[in-house]
Structures are given as C-alpha cells and as structure tokens.
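Next up: just one chain, as structure tokens, the form predicted on its own.
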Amino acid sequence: MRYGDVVEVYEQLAKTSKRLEKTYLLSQFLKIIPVAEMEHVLLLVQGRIFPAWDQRVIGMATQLVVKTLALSSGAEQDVIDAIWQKTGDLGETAFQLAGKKRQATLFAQELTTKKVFDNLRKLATLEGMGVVQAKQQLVVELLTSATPLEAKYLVRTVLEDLRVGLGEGTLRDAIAWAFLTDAPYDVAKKELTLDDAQREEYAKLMGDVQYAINLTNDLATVTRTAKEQGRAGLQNITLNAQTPLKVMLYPKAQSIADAFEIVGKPAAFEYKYDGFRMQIHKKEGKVTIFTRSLEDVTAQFPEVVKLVQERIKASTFILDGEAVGFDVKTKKYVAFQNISQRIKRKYDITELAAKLPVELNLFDVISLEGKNLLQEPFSERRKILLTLLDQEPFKIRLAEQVITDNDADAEAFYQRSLAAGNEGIMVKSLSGAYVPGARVGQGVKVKPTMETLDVVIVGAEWGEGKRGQWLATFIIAVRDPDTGELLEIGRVGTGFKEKEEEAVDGGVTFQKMTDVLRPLIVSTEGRVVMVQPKLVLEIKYEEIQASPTYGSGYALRFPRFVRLREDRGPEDVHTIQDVEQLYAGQRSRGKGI
C-alpha cells in the first residue's frame, strides 16, 4: 500500500476538529486496507510502530532528527533551526525542507507503508558502535524518497507526535462504521442522526468493538475480525495469555456508605495498596509481568517470577494484583515512590531486589487454563484464586479481605488498612464481572484524601534566578479519549526539590526533571519548551476551577507534585470526563474536594 494513502488520511484528519467527520474519514479508509497489510497500516495510522504494550522505542531525540534532516535535505543546521523556531514543529520543518531540498534524488522510489514501517522498526533494534549513523541512514533513506507531505508525517512518526487528533474512541467507532453498521452520517451536514432504537443498537455495537479492543489491545486483529467475521467474530474474541489486556479501573466513592450504595450489600473490602499494578501471565512455562500501562517489566522482578512459578498451581493463567514495597527491617509497607525506581531499572536487578523488595498481593484471576473468567462473579473468582496460591507473607499472598454488610465492621477494616500504611480500601461487588479498561460500578475505592490526578507533562518553562539552570514549571494535561488530544489543565512547580540530599524517600529534584525532559523537547519559544508527552505525574490540588485559560476548560487551584508515575504512560492519565465528574462532585457538595 502506498504511504501516500496514509498521509492523505493524516491530512484529512488534521483539518477537522469534528469527531464525527474524523470517524467517517477513517471508516472509509479502513475499508480499503488490504488484510495482509492490516497490522502495520493500523499502527501507522495511530502514529505508532509498536503496539502500546510493546516497550521497544524508536529512540531518536529531536536534535538527532535535526541532524538527519540536514543530511537528507542538504540544508545547514542553522537554517533548519531557524525554520523549526518559526514553525515549532519539526514535521512542518521537514515539509518545507523537502519542498526545496538540494540533495540529488535520482534513485528515489515511491514509498510504501511496508518500507516505512520496516525502516522505522529497525531503529529500535540497532545497538553497538555506529548506531547513531545507522539510525540516521534508515530515516534519510525514507526522507530522500518522500514527498514534502510524506516527510512531514515521517518526522512526526519518528518523534511520536502525529498531531492529527485521533483517539481510541474514534478508531473504535470507525471500525464499527466500516464493517458493522451503515451509520446514518450526512456527509454534507457532517451530522449523525439516530432515533432511540438506533442509538441503543449503536451503543451495543460500539461496546462489542471496545470489548474486543480491551481484550486484545490489538486494533489490527479487531479490525480484521470485524471485516471478515462481523459482530459475531468480535463477540467470540477471547483472552490469550501473554497478550496483556487493559486492567479494570475503580472510581472513587466518597464514603463507606456511598460505596455500599454503589456496589450493594454485602460487599468485599480489600486493602488498597500503595504499590503498582501487576498483570501476570503464564503460558507454556513462561511468566510475563505487565504494568497497568502494559509495559513488560518481567526482567525487573525476577523474584516475583520465581514465586509465581513455584507457588501458583496452574500452567496457564492471567492474574491481577499489586506489588507493594516493604521495609526489610520493620516489615512495614512503604510508599510507591520508594520502590518506583525498580520499574525502569535494567542493571543490578538482584541487588535492587534485595534492597527494595516487594510483596505480591493478588486480588483477581482473569483467565485460568484457557478459560475466560471475566463474566464469573467476583466471589467465585476469589475462591478460584484461593485454590491456586501457596501463600507466604511478604512474598506472595491474596489481598487482605473481609466481606461484610455492616458499616462499623467496614470502618474498622478501613482504619486497619490505613494503619498498615495503605492508601485506603477497595470495595467490590460480590456478583461483579471483571470489566477491562472501565471504571464501572463493580467496585470503588475509598481514600481519606482528595482524589489526585494523573497528568502528563506537555511543556515546561525554564526557571529564574537560582533555578535558572533548570526546567522549573511544568505544563500538565489530561486526555480526551475520543480524539487522543492532550488538554492542558494547568502548571505545577511546587513539590519538587532543589537539592539532591532533599530528595529522599522518592523525592524528585528539578535537576532530574530537567535531565529527563531535555531529550523530549520538540520546540522552544522564549523560556517555554514543548515536549513529547512521556512523563506522567501524580498531582494533588485544592480545587478544580472552570477556566478559559487552558484547553481543557478547567484549571487546578494550587497544584502540587506528589510523585512520578513511572508505571503509567500518557494513555493512562485521567481523562477530561474524569475532571468533569470531579468538578461536578465538588460543586454538588458546595465546597472544594
């Protein structure tokens, strides 16, 4: 398939902010993708080379891309820097350079999606001597053959910054429009008209597609299944150990009484551990550990792999749990930030495991010996889990739990959890199903503090005075799941440390923030830089306010940095819908959260 066909879709998507129009345009494109090319074309449409759960990265920072543009275009670097400074977009810079490039292109060939995909995937596999030059040559080869428009989106893909406003919600609906329903979309008016019966059926179709996406995290498989087998095929998609699925999420309840109101009585109460989510897969003797953001962290937790192999009596399964750190001497649980460094560690794993041990607390079984357990009642899934596990405290165990319909007993358990160093409690419906990727009424969390927000950094500002050498204020955003846009919701500069010796117990310095963000810078205007959205922060705040200043329409009053969430990616940050619900909730109570 011609890469130009994909690029044309990019341009069409970028020119409209209307979600329905984006859905229609994408649905028409999905119909013409050859089945044999579905996998790589669907990834390219999202601006990806690897699935969301694949931890491989292209690994080309902006300055290397600038040097690569100089090689491909023959332009001097200062000329490129000037265009970049003016456009604020290296993709647009590539577009302008390609329109007047001086390099000879006698051997240029029309780019195919396969050629683009193969070259860019190779970027992640290169290592050793000469890796920088090898990466440059792979991209130069593509840019030399690219039209100006192709060059624009090639560079944006390399930088993982496509800028076409395409979210999973739009992709989901486009699959349904293309292969499951003749949606009554008026192309001229750009409107969708549905009566009540159509609206109900439409919602069910979207639900079938979303369910398949949640189970596979593979849009190519879902699209191919919808095209070849229709709705029945999507409904028959099942779990596959070693392919991560989106974990079930839990909204916050305001109190134990509120929790009972949502999930019913009696309910299961469990400790809410201050650790990081672990989705554990085993198949054909191999154990794989994924984080909530579907990152493979198996190599970082060899002791957990060993425990799973030795103490879980099954050959094939998918389990859900939380790894929580503890102090070796006191046997007290410690906060997430104390152990977060284990997630990204690649060296000295054994030493770090001894220094920062974790206890695996399992609370759900999703699949066992090939059987999908998603629709089994939670009470039954817990019983199954109990039969599988050879428990030992501070190694591997079931999450601490009580079942009660009594407010006083629930409150006593809540206080016991807090005293143990946990964040609060989970309250789960005994009859509830496991719903991947959704915050639904099957379970809630109760915490003594206001709900924090997970946000992603999209920009930063250099400090002044003694902070002048650091990025010291960070522009933060939440996510629109329908369009994929990141919507700014404020700036945060408090909660960080100036001195390394102050950064104990998981504290983060301005220097560390600067070191991490500097390679992610994509544009500079005065003291403000925009960055690739990679780094997720947990933020607390006094109140959410309506505000025209930021793209979200909201602003955080007195935001303060809590911790880095290295176990989460930009796809995991809170959504604009979450913010709207929190805003409405605080208004209904007549006071701030």
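Remember, it's a predicted structure, so these values are computed and weren't measured experimentally. In this text, rigid core is short for the largest set of C-alphas that superpose within 1.5 Å between two forms. A residue's number is simply how far along the shown sequence it sits, counting from 1.
The same protein also has a form predicted in complex with a small molecule, omitted here; what follows describes it.
A.B. asks: When the contact criterion is heavy atoms within 4.5 Å, does residue 150 count as touching the small molecule in the model of the complex?
C.D. replies: Answer no; every heavy atom of residue 150 is more than 4.5 Å from the small molecule in the model of the complex.
A.B. asks: Even though the small molecule is not shown here, does residue 173 get within 4.5 Å of it in the model of the complex, heavy atoms only?
C.D. replies: Close contact is absent here: in the model of the complex, residue 173 is far from the small molecule, nothing within 4.5 Å, heavy atoms only.
A.B. asks: Evaluate residue 177 for contact with the small molecule in the model of the complex, applying a 4.5 angstroms cut-off between non-hydrogen atoms, and reply yes or no.
C.D. replies: No.
A.B. asks: Against the small molecule in the model of the complex, would residue 158 count as a contact residue? Criterion: heavy atoms within 4.5 Å.
C.D. replies: Flag for residue 158 set to no.
A.B. asks: Heavy atom within 4.5 Å of the small molecule in the model of the complex: which of 373, 312, 164, 399?
C.D. replies: Selected residue: 399.
A.B. asks: Tell me, which of 227, 282, 135, 292 has a heavy atom within 4.5 angstroms of the small molecule in the model of the complex?
C.D. replies: Of the listed residues, the single hit is 292.
A.B. asks: Given the stretches 117 to 125, 214 to 222, 273 to 281, 386 to 394, which is the single one in contact with the small molecule in the model of the complex, using a heavy atom cutoff of 4.5 Å?
C.D. replies: Stretch with heavy atoms near the partner: 273 to 281.
A.B. asks: Checking a candidate spot here: are 250, 428 and 439 all in contact with the small molecule in the model of the complex (at least one heavy atom each within 4.5 Å)?
C.D. replies: Yes, all three are in contact.
A.B. asks: For residue 557, decide whether the Cα shift between the shown form and the other one is 2 Å or greater, given a superposition on the rigid core.
C.D. replies: True for residue 557: a C-alpha shift of 2 Å or more.
A.B. asks: Is residue 37 displaced by at least 2 Å at its C-alpha between the shown form and the other one when the rigid core is overlaid?
C.D. replies: Not so; residue 37 is displaced by less than 2 Å.
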